[in-house]
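There is one chain below, alone, in structure tokens, taken in the form predicted alone.
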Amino acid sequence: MQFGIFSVSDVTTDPVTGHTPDDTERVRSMLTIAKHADEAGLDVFATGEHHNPPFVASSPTTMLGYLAGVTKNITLSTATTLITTNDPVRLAEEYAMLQVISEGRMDLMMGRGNTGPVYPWFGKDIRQGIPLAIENYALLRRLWTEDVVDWQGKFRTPLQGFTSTPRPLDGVPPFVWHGSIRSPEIAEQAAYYGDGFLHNNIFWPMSHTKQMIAFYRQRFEHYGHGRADQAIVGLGGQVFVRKNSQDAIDEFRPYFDVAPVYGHGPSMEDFTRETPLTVGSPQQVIDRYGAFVDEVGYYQRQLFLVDHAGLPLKTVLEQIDLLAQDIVPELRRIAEAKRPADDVPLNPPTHAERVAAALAAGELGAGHVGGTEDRWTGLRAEEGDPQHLEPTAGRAFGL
């Protein structure tokens, strides 16, 4: 099982010190957090995508592209990439570029987004959220798997003879998760394609999470991708840890009370009882999260939210160290002991594993598409000599 962290990128005033980071400071703190997670030995860093204050992560591929160059082992991902308001052509290009730059050390999670005003800002209607997610993702897959795409749909300009570049690394598209907390249609979409499904259950009781995961597993098997227990599942969560549980409670309470994700609502005690939020000692986190496998079956990725609510950067880095040193090794041991069979995937598929599987199935795509004539100029890419270009470039305009 992989263990990592995800950020929602909120800018929140520290209720203890009164300090509010500006956007630049917050973005740079996220970079520091990701690099620290890599050095500490965590498996995944994922960033959300938001286009409205108080959040700053509007350009995940820019951030992850930088991190690809300054980290060594950690998988770079998203939580989530907005499949509804982003153009699928841009997504195909940007994430294939990230895949190439990171040498396959990435995946991404699709999501619809739950901030209503964002839809009209990008010319979309939130009432069409599910149809947009279905149509856009279908096109995205074609752009990654087909070298030349002719396409027409409801929500986007048609494409004729379009080739998305760069082509996916080694001819194999990035691995995709679908994130949803309440929409069975998205669980169905993940199952239909044989993709991963991540239930970011930070606001939900385990009874609801269990229901969603069970549905995805059943549909994964229905579509012939394997047994239900072989489906690729991930969970969200959030923790605040200190060696002593009372220290954790005392220190985190003022941050919980103002947190934009759950402050000003139920008490911390009610929230920790009803959701995965765990505030306490490392052993309390191990006991709580080690039992999740019993609820939803063996799953492949557990992400923790640790950098939010105005917590100082120093505190966040300490949380990562506690996770990496005192919690994750024991959770790995517990999870592996509960894995039902060797043919149930230990982790989400790596790029190398997907390349090998595609090769064995004869489904390897092209790593480059070239040598064809440009339909407007009548030239090939290598025929860029201006002397040669001039007499043919005007053909498209009747000159």
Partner chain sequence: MGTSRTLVTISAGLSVPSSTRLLADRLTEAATRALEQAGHPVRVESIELRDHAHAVVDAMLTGFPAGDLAAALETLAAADGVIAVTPLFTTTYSGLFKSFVDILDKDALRGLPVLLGATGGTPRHSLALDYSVRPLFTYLRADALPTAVFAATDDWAGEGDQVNPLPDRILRAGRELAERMAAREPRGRSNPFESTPSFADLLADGGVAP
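Keep in mind the model is a prediction, meaning the values are calculated, not measured. Residue numbers count along the first chain shown, from 1.
Form predicted together with its partner chain: not shown, discussed below.
The stretch from 280 to 288, 165 to 173, 88 to 96, 197 to 205 that comes within 4.5 Å of its partner chain in the predicted bound form, counting heavy atoms only, is 197 to 205. When its partner chain is considered in the predicted bound form, only one residue from L311, V296, M212, I327 comes within 4.5 Å through any heavy atom, namely M212. Screening E185, E251, D229, D147 for any heavy atom within 4.5 Å of its partner chain in the predicted bound form leaves a single hit, E185.
Its partner chain is not shown here, but in the predicted bound form it comes within 4.5 Å of a heavy atom of G265.
The shortest heavy atom separation between E274 and its partner chain in the predicted bound form is within 4.5 Å. Using a 4.5 Å cutoff between non-hydrogen atoms, I126 does not count as a contact of its partner chain in the predicted bound form. A residue is said to contact a partner when one of its heavy atoms sits within 4.5 Å of a partner heavy atom; I134 meets this definition for its partner chain in the predicted bound form. Annotated contacts: Y193, Y223 and V261 all touch its partner chain in the predicted bound form [non-hydrogen atom within 4.5 angstroms].
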